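Only one chain is shown below, in structure tokens, and it's the form predicted on its own.
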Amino acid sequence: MKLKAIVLAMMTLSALTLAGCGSDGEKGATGATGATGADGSNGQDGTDGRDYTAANEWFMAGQDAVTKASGNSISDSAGKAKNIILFVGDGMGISTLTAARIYQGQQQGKSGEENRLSFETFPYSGLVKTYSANQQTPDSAPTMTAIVTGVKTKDGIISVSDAAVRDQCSTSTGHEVMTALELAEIAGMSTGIISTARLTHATPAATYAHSVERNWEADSDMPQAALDAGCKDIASQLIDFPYGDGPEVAMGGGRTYFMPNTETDPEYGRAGRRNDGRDLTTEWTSKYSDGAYVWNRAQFMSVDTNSVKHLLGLFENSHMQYEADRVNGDGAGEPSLAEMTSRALDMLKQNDSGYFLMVEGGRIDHAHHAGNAARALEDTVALSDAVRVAIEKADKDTLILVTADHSHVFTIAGYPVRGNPILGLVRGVDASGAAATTYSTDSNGMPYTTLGYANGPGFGFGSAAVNTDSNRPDLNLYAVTDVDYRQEATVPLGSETHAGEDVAVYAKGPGAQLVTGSVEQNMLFHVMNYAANLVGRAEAAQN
């Protein structure tokens, strides 16, 4: 904006502030006489009193945002947060956030761009660098380790420092790093772990387990040498959790990882994955006399959260259903992420010493790996809904963080007109700026979608190598907005990959003011520790 234009904008703001009461709100027509201003101007000449709110909604919306932000300046002391809720959208990069907010808005009948996900209203936010100790682009094991322990580590390693070597059991001893959940348990707080992925998957596992190999989810996944050396599989570590009185809430998928191979899954009839004969679901209820185990939505909804103090919910033999498939795609029925969050908070809030809850939208990542934007966006909206529940239920002494472990090579491209279906073909604007009557096309004359991937299975449309020459498929022939549609990819790969750019973090509650600017991912643990004094409370509890 040129200097003269900036000056004019400031004059507009000044005129509104002094003479807004004399507005007529109708395109500059003469309004009622305003009160005499303190500077001698009374705005009575029919020009000063125009309603600029109606004249420029963007200008006024920006002014309102600054006004609200100016009231956010706080400086909470250490330890002020009683509770912590950590939300992680697995693979929820910034392009995913943008597309999901448009998607949600369009689902509500709006153009979409103006919509905001629940956590995008939080007063503080920042950018998070996600590289691991040994890779520019990480997997979920080191990233979640950084978030919940304050220590960056190598790819594939869960809550063990980078002094260890992946897949080498002997290198783990003495290098395990304490997690926020473990500290909370030692401090006497209640704790919870929720994920739509397997509970033994890298992100939820990093809160309660320590392993030099993220794939050691059941003992059958481990080499005999690791078992002989004393390393434990991830599922067993949840049941054998040694701190405090153990997690109060653990809900997600991965049922067969907790079942012996002599038993069959109640929903699918498949054998359990454990070779050691342990039935960890039975061990849960034996260990906790006030505990319960549920595996479908009806059982979940019948749980009395006043009497049940330790709840294990395993709603799928592997990962839970995508949100887009949850209602109609699962015979036994599964709770939504928002429902799990709500009931978990009902249980955890009963502890006067506070709580730590981690909630993961785990399948955003899986949908992206499959090159399937619709399911990734639907699961991102589901995470937003779960955050909204937490906002409504959490008390003011609760720090809520929303972030991602890493991004994906997911792109929003072209010049679509505002309100163009985010899953649809690009339709731009004409020379006058109005919506074009035809789709935009590439140099081959073929239409293209707004959303795409830099790599993945969407190259060539499936196993058939369609793109054997420079021509792309004619997307006029495809249902590109269908939930099963797989967006095009530039580089052919069986599975789309993570991306290495920064992700976002949003914060609300005591200590939230520390979340600002560009930060290292392991700093997020220290934000939580400062806000809730986790180490101090844990040390005090041991004295």
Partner chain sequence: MKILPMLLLLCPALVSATEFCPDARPTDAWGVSYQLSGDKQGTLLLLRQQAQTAFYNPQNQIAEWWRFDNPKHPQFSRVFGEAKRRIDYYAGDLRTLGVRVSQAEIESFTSEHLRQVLTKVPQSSCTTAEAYEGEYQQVHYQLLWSTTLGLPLVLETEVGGKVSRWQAQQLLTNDTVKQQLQQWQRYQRTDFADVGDNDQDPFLAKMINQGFVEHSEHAAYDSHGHPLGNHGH
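Positions refer to the first chain, counted from 1. What you see is a predicted model; the values in this text were computed from it and never measured.
Form predicted together with the partner chain: not shown, discussed below.
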| item | value |
| --- | --- |
| Whether 120, 196 and 508 all lie within 4.5 angstroms of the partner chain in the model of the complex by heavy atom | no |
| Contact flag, residue 495 vs the partner chain in the model of the complex, heavy atom cut 4.5 Å | yes |
| Non-hydrogen atom contact residue 299 with the partner chain in the model of the complex at 4.5 angstroms | no |
| The partner chain contact in the model of the complex: residue 317, any heavy atom under 4.5 Å | yes |
| 4.5 Å heavy atom contact, residue 325 to the partner chain in the model of the complex | yes |
| 82, 152, 472, 166 - the one with a heavy atom within 4.5 Å of the partner chain in the model of the complex | 166 |
| Option touching the partner chain, based on a heavy atom within 4.5 Å in the model of the complex, out of 215, 440, 305, 95 | 215 |
| Heavy atom contact within 4.5 Å of the partner chain in the model of the complex, the stretch among 235-243, 361-369, 204-212, 72-80 | 361-369 |
| Heavy atom within 4.5 Å of the partner chain in the model of the complex - qualifying residues of 225-244 | none |
